[in-house]
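So this first bit is one chain, no partners, the form predicted on its own, shown in structure tokens.
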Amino acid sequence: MAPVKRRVFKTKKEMSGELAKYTADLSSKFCKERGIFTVVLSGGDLISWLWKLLEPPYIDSIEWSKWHIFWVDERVCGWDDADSNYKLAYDGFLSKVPIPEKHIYAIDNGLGAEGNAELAAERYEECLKQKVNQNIIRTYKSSGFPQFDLQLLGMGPDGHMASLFPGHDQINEKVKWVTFITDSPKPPPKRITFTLPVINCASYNVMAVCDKEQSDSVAAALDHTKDVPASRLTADVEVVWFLDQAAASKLSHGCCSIL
């Protein structure tokens, strides 16, 4: 299993700065090694914490044209819907950086607007397989699952990650790359999501969590006091949890230092 690192920051601003540096460093590494950088985004607060990438030195030094953007999960709705993770990312980040439009792989807009979760999941898995065949996405060793360079993840107060929720069967899917849920405990109910094997095959997984309301689930996931979906997060190279002090406040004493 990949090492799990914990980095705790006094403020969200400090965390955002280090998250930007971590992302930019990996961008440089993969652009040099592969000429491509595959990045998986999530929804929620994560997008707002990427704002440092929109400023110097990163906005001018990152090779944006080599980025390829995917989503770990998405609400089954049209791109212009207020619930859309694509819209959140586009408005807050993607529209402000010169990533080619053809390198941004969102849920099928028509199927999303129709609310067809099952077919939307199938179509997104087909998209991933096409990008594997085009050598944009690597595959993980002998398993054949897609291997993304970096995934930027978040966690809910119940310990869910992506749209893998406690008490729901999607967390146990071991064959599909993308699955769906129609009874999400968090609105909206229809979503598509990467499966756990796909999430855990990424080279680098970042879990960014802030605020006190997340502290119980952070402790459950990292101290393994309760089996929540985020406690099962691993990666091929490393997992790094980026936390503010409030989110880390209930972790075991001495588990990590404040940066």
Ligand SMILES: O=C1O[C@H](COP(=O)(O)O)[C@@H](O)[C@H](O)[C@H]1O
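One rule holds for the numbers: they count along the sequence shown, beginning at 1. These numbers come from a predicted model, not from an experiment.
Form predicted together with this ligand: not shown, discussed below.
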item	value
Interface segment, criterion being heavy atoms within 4.5 Å of this ligand in the model of the complex, picked from 175 to 183, 131 to 139, 148 to 156, 112 to 120	148 to 156
Option touching this ligand, based on a heavy atom within 4.5 Å in the model of the complex, out of D45, D216, D223, E63	D45
Contact label in the model of the complex: A162 to this ligand, heavy atom within 4.5 Å	yes
In the model of the complex, residues of 73 to 107 near this ligand [heavy atom within 4.5 Å]	D73, R75, N85
